[in-house]
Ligand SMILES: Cc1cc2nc3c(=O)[nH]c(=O)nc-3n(C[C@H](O)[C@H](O)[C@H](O)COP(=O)(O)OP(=O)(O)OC[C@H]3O[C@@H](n4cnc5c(N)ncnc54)[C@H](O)[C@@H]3O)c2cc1C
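Only one chain is included here, represented as structure tokens and corresponding to the form predicted alone.
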């Protein structure tokens, strides 16, 4: 476990937006996560936040008077060439990176391991079932917490169980929770709804595949990566958090849209898996290229808001509110953000 003091979150979050946090804690194993909470309890820290890759986070620019815990398999000390920081640094303990374990058709992995690493491990062991997630940036912990999904697949479809840490006052305990008790829903789970729960690791039940089936799964995986590169803005060119809003899935809201735009009914039925694409709506409402400060709605995919240099959290939030207001005026409801906004 590593603890950094007065750490600039903009240096590590994908969006390159965020203020200073009093403590930044890196946890690279399940024991590290427990040690991080021991540190929090010992220092009487009341405000804390946990993240994995940070690919869908918008931290405000204000000072975070608490601790931010980074559950990862790639600590800063292994990537110093990628970050510029002048923070005080304290080494508390050192833990080795947790492994990915394969047993039969099941793969278990530490929460800080990337989803892509699990996919590749599956392919190496003739296991498939996660190929739909090709190119999706997420750690295992974040994938469980937010029930990540893409191209019609969701992590709930392959999750067998998760090992959770439950925080109770100034203590914690571990519990193994089967998938049926994780209360998965669209981009959510019991972990997202209950702040006292943290994912330590998870086990996925995949499918044995023949050589030809694995090759087909790899083709799906690579095609989905190619699709993202063609249709999504590059986060390394202009940092972004992926989809800003959740696609519209509630029947009542879909009906409101179809009342205004009946011509898209066939797209709902045949292309959007029974939902309505927010990217399509934002584009049709004229938000392509719309900007406030240096935050801009991507012309390539209008459900992405780009940081074109020195965008602030306030700039991004202002765009989000503007889009929501337009939905309210046009359809009579507001879209729900998929990006997680963290206020100090």
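Numbering follows the first chain given and starts at 1. Just so it is clear, the structure is predicted and the values come from calculations on it, not from any experiment.
The same protein has a further form, the form predicted together with the named molecule, not shown here; the description that follows concerns it.
Every residue of 51, 139 and 235 near the named molecule in the predicted bound form, heavy atom within 4.5 Å:
Result yes, every residue of the spot touches the named molecule.
Among 162, 107, 217, 71, which has any heavy atom within 4.5 Å of the named molecule in the predicted bound form?
Only one listed residue qualifies here, and that residue is 71.
In the predicted bound form, the residue from 319, 276, 57, 40 that sits within 4.5 Å of the named molecule by heavy atoms:
It is 57 that has a heavy atom within 4.5 Å of the partner.
Please pick out the stretch from 264-272, 99-107, 188-196, 249-257 that is in contact with the named molecule in the predicted bound form, where contact means heavy atoms within 4.5 Å.
Going through the listed ranges, the match is 188-196.
Check residue 6 for me: does it contact the named molecule in the predicted bound form (non-hydrogen atoms, 4.5 angstroms)?
No.
Quick one: does residue 240 come within 4.5 Å of the named molecule in the predicted bound form, counting heavy atoms only?
It does: once the named molecule is placed as it appears in the predicted bound form, residue 240 has a heavy atom within 4.5 Å of it.
Answer for residue 150 alone: is it within 4.5 Å of the named molecule in the predicted bound form, judged on heavy atom distances?
Residue 150 belongs to the contact set for the named molecule.
Residue-level contact is defined here as any heavy atom of the residue lying within 4.5 Å of the named molecule in the predicted bound form; does residue 156 satisfy this criterion?
No, residue 156 sits far enough from the named molecule in the predicted bound form that none of its heavy atoms falls within 4.5 Å.
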